[in-house]
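Okay, so here's just one chain, in structure tokens, the form predicted on its own.
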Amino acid sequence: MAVLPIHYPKEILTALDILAVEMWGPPGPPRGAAAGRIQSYVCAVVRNALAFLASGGAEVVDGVLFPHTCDSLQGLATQATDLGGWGKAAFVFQHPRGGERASARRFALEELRSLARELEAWTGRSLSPELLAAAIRLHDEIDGCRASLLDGRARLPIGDPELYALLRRGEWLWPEEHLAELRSAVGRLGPEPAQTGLPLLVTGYVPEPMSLLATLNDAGAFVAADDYAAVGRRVVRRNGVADADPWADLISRYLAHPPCPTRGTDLAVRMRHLVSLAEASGALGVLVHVQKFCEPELFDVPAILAAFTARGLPVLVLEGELERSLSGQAETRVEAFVELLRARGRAA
């Protein structure tokens, strides 16, 4: 099943033996004329996805799932089927907004059960409580490994390109296969720092182009704290005992995700979360890496600038359009930003 960004109940898909293959665009120029059916002021993720679907790029999948991440992606759920020539099964998932309210939990339960019923009918499989509970345990363990790698980033003796290639393989691998390689990577965490570069907090939508990570490392910095919607914001950290009812447990997992503007998180709550990430990682600066026209991300940029400027941490805002590689201008800005941090360190 092709899945559009960002948050969706992967546990249900796993329990029904459905392989999720996520579509973050894909990056690069739109692969077909259908991108022109989307307004030019809509983000490249949506334009590229419609073009990719309409040109037959996803013919290998059996269906597609559209989470209501934003108005543009919600609209794509209609456009892909009505305008894009998509003739396969299409499903939608509506997010509850606004945190831990009782109404949000009720809404989430109804949406999850509704999607599960549709997928059961589509696959001809039954979603038993035992299958769902096993899938939740599997994804809890995956998130535990991912959290260990992100939290212990400075002690992991690999570069950012290698780490992010590993983390993002979860976007298309079977979960069991992904867990095996995550366990292997966790085993490489050492007792002492293994990174010599300047630590940064990076926040944004998706780490594309991935060459940004190599540029950071080559300039003498590394991602010490991650708040990408595609990576860190999808890692659930749960310390409590799982609920005996797998549906209640699934809702608890969903609501335990880190603050994200696509889920209607209170702005003050998200700023406190970002500041805590920076403090825990010792970040010396903040890179805000956003896609052009991505309203949920861009709405929070002024607050991010204010929060970290008040704490004396430099912030670089880098906008992109889902390019295949970083432009020379963007590379120069990243390198200058890292040099600024290095100069501040020498002055201190």
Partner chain sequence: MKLAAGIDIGSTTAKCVILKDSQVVASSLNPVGVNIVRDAEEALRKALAEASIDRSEVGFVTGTGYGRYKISFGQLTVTEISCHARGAHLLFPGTRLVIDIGGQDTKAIRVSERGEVVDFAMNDKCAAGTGRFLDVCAGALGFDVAEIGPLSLQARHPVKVSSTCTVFAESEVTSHVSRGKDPKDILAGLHTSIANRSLSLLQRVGIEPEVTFTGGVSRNEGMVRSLSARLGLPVNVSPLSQYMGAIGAALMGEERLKGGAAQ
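From a predicted model like this one, the values you see are computed outputs, not experimental measurements. Positions refer to the first chain, counted from 1.
Omitted here: the form predicted together with the partner chain. The next part is about that form.
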I'd like to know if L340 sits close to the partner chain in the model of the complex, meaning any non-hydrogen atom pair within 4.5 angstroms.
yes
Distance check, V301 to the partner chain in the model of the complex, heavy atom within 4.5 Å:
no
Is V61 near the partner chain? Define near as a heavy atom within 4.5 Å, in the model of the complex.
no
Taking heavy atoms only, is K10 within 4.5 angstroms of the partner chain in the model of the complex?
no
For 308 to 340: residues with a non-hydrogen atom within 4.5 angstroms of the partner chain in the model of the complex?
L316, Q329, E331, T332, R333, E335, A336, F337, E339, L340
